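Take a look at this single chain in structure tokens; it is the form predicted on its own.
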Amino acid sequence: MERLEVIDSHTEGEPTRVVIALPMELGGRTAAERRDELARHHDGLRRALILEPRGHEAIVGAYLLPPVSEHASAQVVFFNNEGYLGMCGHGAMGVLRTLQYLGRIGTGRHRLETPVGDIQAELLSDETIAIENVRAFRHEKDRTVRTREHGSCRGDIAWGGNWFFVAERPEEELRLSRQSELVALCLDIRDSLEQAGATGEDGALIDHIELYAPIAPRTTRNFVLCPGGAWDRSPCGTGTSAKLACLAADGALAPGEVWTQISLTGGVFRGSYEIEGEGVIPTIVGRAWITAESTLLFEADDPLREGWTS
């Protein structure tokens, strides 16, 4: 019987499962190197942690690893039901709350190493968490894609730590009761983008689709489809970062001004940015709560030891 300790949390509705210590040694040093080694040699652990029967499609996992820099609080590799993520805004908030719960950090600023670069994170005195993300930028404006079943859709391609297609939809479409229809729409958009050859920088796959509807000044309701077909219960930290990059490129939001994104579950992220080169450095503020401290068990003869997929 193998055992693995995890801490579960949710950030504005979206779950994060933090693995406190890996059961194996990794040869790489950087987060990107360790992510690649995990993907090549230990992907069964990711599946066992995230897929049913121990998990479900909405959970994002985070391996907590020793940092390279003495100035960093931790190194983190994020993963989900599909594979590995470059960055994860809600997950970084969950990691910070977990580190606080474990007594490893207190209020103040902390650095986290991720596969796409270091981020700054701050536990604020009002129990909110601010994530200063990696540089975000818009790659292409007003890309039109013809979908198989939903007509034409126009949006921007942007990087916020993951690659996004960001498109406006009518407010009445973005309701919790329509989640299944929204998933189908986003899958159609994502598949159609790939078939049309639309990519991010250097041919990168656009694996996140973000739909939004303005509902008040500098406020939108949004819906994000993640890799693997799960939709984000939070307003999505990297998605909010990508949206801020598009707003900045259009001159629709000034540096330091606050933009609010609200998910279908009512989760709220507030974002702002500062200019850096041809992109922006986004700061996303939200809240996270600890939900469980668990020991996961793995029996050697369990036929679903590494989960199942449809």
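Source: prediction; values computed, not measured. Numbers for residues come from their place in the sequence shown, where the first is 1.
In what follows, reference is made to the form predicted together with a small molecule, a form of this protein that is not presented.
Only one of 95, 226, 136, 211 comes within 4.5 Å of the small molecule in the predicted bound form through a heavy atom, and that residue is 226. Taking the partner from the other structure, the small molecule in the predicted bound form has no heavy atom within 4.5 Å of any heavy atom of residue 112.
At a distance threshold of 4.5 angstroms between non-hydrogen atoms, residue 60 is in contact with the small molecule in the predicted bound form. Among heavy atoms of residue 85, some come within 4.5 Å of the small molecule in the predicted bound form. Of the candidate stretches 138-146, 165-173, 229-237, 96-104, only 229-237 has residues whose heavy atoms lie within 4.5 Å of the small molecule in the predicted bound form.
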